[in-house]
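Heads up, the chain below is alone and in the form predicted alone; it's given as structure tokens.
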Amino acid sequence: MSTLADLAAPRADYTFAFLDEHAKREVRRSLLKAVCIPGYQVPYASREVPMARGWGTGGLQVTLSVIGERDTLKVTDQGADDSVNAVNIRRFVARMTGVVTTTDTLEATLIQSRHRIPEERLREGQILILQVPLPDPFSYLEPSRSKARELHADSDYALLWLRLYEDLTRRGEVMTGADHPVSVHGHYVMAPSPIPRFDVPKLHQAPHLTLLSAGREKKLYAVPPYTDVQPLAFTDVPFQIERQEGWVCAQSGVSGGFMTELPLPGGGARYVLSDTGLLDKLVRARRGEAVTVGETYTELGPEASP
């Protein structure tokens, strides 16, 4: 004879993926609108999560809302899988969902990232989730949010062009650094998260879905697969990525990827690939181990292939 304990559901201290179903449904509805209107900032009710705002709460909420039991999760912070931010988010999501985690870009179905896009090309079916601090490129130029919304609706981006022009006239080059504004699908201009300019071309006609979310600002937006994404640039002054000519990774011996510059005592510096997942595979390949290195967005040095 069955007892009440046999009939009862297993104890669950939290719902799957921590957020309640109403919260996840609301985020998914906002994401559908964002996908339908590329680059458009969709407001949503940003919930409280066990993390301080400004440390990736927006990206975390999107991850918790779209993740499924069969997904494989990768979390990076400026390319590193072992940073405090990446490790804590990965552990939290794994604990709340039970999903498999990885540091290999090729194995992941969901990739949550802060300030970087992986070096290995993402494919169809993968979802890239970018954490965003300030979603509106007008943040430093137009104090009125209602006015900024009007400018977006009218595709009036004169203030952004003026900012680029002032950089060129005063300093001789565009000084946007990370978070260079991009035009999406020929209409909305968005902030692509503070990714380096090196990563901006990776968004153009990408086969994967990109979701961007700012928890503190309660806004999310998206770039659907195979969508035109063009950085703002004058026709006579082409868009340029960071200058890293001649930089060679001290651990893998390759060049061409985005490097992290590490100062040395007494001056000078050494360079290491920012993408630690790819770096680990390249180092193992140098030792003769059998590893699979995916196609990269840029051509790496001769030692990139195992």
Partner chain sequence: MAYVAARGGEAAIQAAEALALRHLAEVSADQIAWVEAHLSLLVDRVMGEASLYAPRLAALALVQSGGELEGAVLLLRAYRSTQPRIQAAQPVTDASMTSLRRVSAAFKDIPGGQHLGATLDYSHRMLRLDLLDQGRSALPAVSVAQTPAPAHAESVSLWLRREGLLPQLPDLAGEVVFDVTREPLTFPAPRAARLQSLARAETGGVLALGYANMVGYSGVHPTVGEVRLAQAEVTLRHPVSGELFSAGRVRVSRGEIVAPTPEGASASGGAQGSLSLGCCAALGWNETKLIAGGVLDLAMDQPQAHPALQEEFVLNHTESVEASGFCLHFKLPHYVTFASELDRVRAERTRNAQPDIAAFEPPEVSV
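Residue numbers count along the first chain shown, from 1. Being a predicted model, the structure only gives us computed values, none of them experimental.
Below, we turn to the form predicted in complex with its partner chain, even though it does not appear here.
A.B. asks: Just give me the single entry in His208, Lys218, Lys202, His152 that has a non-hydrogen atom within 4.5 angstroms of its partner chain in the model of the complex.
C.D. replies: That would be Lys218.
A.B. asks: Going by heavy atom distances of 4.5 angstroms or less, which of Thr109, Thr103, Ser183, Thr227 would be at the interface with its partner chain in the model of the complex?
C.D. replies: It is Thr103 that has a heavy atom within 4.5 Å of the partner.
A.B. asks: Examine Leu264 and determine whether its closest non-hydrogen atom to its partner chain in the model of the complex is within 4.5 angstroms.
C.D. replies: Leu264: no contact with its partner chain in the model of the complex.
A.B. asks: So, in the model of the complex, is Gly177 in contact with its partner chain at a 4.5 angstroms heavy atom limit?
C.D. replies: Gly177: contacts its partner chain in the model of the complex.
A.B. asks: Test of understanding: in the model of the complex, would Gly54 fall inside 4.5 Å of its partner chain by heavy atoms?
C.D. replies: Because a heavy atom of Gly54 falls inside 4.5 Å of its partner chain in the model of the complex, the answer is yes.
A.B. asks: Is Val293 a contact residue for its partner chain in the model of the complex, using a 4.5 Å heavy atom cut-off?
C.D. replies: Val293 lies outside the contact set for its partner chain.
A.B. asks: Report the stretch among 153-161, 169-177, 184-192, 120-128 that approaches its partner chain in the model of the complex to within 4.5 Å, counting heavy atoms only.
C.D. replies: Going by heavy atoms within 4.5 Å, the stretch is 169-177.
A.B. asks: Check each residue of 97-116 against its partner chain in the model of the complex and list those with a heavy atom within 4.5 Å, in sequence order.
C.D. replies: If the 4.5 Å heavy-atom criterion is applied to its partner chain in the model of the complex, 97-116 yields Gly98, Val99, Val100, Thr101, Thr102, Thr103, Arg114, His115, Arg116.
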